[in-house]
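Take a look at this single chain in structure tokens; it is the form predicted on its own.
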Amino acid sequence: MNTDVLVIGGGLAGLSTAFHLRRSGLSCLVAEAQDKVGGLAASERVDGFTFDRTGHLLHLHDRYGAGLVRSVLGSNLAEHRRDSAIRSCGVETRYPFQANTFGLPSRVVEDCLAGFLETVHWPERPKDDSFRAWCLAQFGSGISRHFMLPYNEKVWRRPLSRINTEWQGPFVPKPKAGEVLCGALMDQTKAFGYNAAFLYPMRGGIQPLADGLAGRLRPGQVLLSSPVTKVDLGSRIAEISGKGEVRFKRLVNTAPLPAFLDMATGLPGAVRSAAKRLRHNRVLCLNLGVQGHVSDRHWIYFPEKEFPFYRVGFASNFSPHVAPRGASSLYIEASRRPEESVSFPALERQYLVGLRRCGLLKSSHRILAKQWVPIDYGYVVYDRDRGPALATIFACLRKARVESIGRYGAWKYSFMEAAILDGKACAERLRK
């Protein structure tokens, strides 16, 4: 086979690239390793439940991106105002923690408020470029100690003195002093952050979004069950399992960057060395289907060490159609380094004990379905090696006329709308 553009990966970034090349005059093939499109933004039916590959919610902020998503999903879309919480000190408080300490023990509220007001009246620059130093400078010692540091240590699984602040962008909102004070004295309902509202398909989980994009491409343009096993950047030939060789003029990678570099030949030693400095964490997601109602929340954060997970979400509160009538759908997340060994039966027992300890699972809740979804590339680690390593890698890929985009192709912290816009921008560059 021959094509002008070969796209590795049929997730949202890859599908968006092909979609935006429709009228360019360039031929385009998308090679997807799985038997369905979507990548991590895919869903599966298990014993009457529709499970996503952990939580996938649509946060739409770009006018074009929002319009495209709405046109693809049409009437199969529901809007929600976020209802999320933090569980600490035995109580649930509103998200974000830094603006909602009302309801916590008085000593904790005083500690958080005093530390934050110090940053307002006696501001100091962070002592270094680490996330830990930034938290202490932005929020003070109390908020950092009671939530920011323990929660992020659970997610990143590394000392926060080694994590920088390049990833956070809109993801860690900083409220004003009056808002922090108000949230300490009363239960304020003001929305904060980029995810204050979200959309989610009414039926089918998140899968209809990828299916809708793929449905707008030509028949045969997406090759399913077709993992790319080798890419010769010199001769511009890719080997696809079960399909043979594909000659291409331009290559678009949306697979995790280290995995792509492993399959590519003709890379200099400096790029191989840089690839070894890219780090990531796994996300170990357990999807549960439970008889009965569990929570009214959309998701809850767990910063304390006594709980083995950092977040629990309730997909049946995004849409009643992802679970049978009278049942609830949950996803439970923990993070691990790739080299950490994991016993899934043991971790499942820990999850269930933690869910019962915090009161989410009760004796009346019978488990109807479960599915482990280990996500080998969950979070890209933003340490001091990441920036220099990417500069070396992307300089080489540009010379080879290779685009590497999306959350994992570009090796960044991102969300679904950004992946779709990455594909659009990539297509515009290819057209030129």
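Just so it is clear, the structure is predicted and the values come from calculations on it, not from any experiment. Residues carry their position along the shown sequence, with the first being 1.
Just so it is clear, the following notes concern the form predicted together with a small molecule, a form of the same protein that is not shown.
- In the predicted complex, at least one heavy atom of residue 54 sits within 4.5 Å of the small molecule.
- Heavy atoms of residue 6 never reach within 4.5 Å of the small molecule in the predicted complex, leaving it off the interface.
- Heavy atoms of residue 132 never reach within 4.5 Å of the small molecule in the predicted complex, leaving it off the interface.
- The small molecule is not drawn, but in the predicted complex it has a heavy atom within 4.5 Å of residue 263.
- The contact with the small molecule in the predicted complex, taken as any heavy atom within 4.5 Å, belongs to 283 out of 283, 214, 149, 271.
- Among the residues 26, 33, 400, 46, the one placing a heavy atom within 4.5 Å of the small molecule in the predicted complex is 33.
- None of 363-371, 391-399, 66-74, 376-384 except one has non-hydrogen atoms within 4.5 angstroms of the small molecule in the predicted complex; the exception is 376-384.
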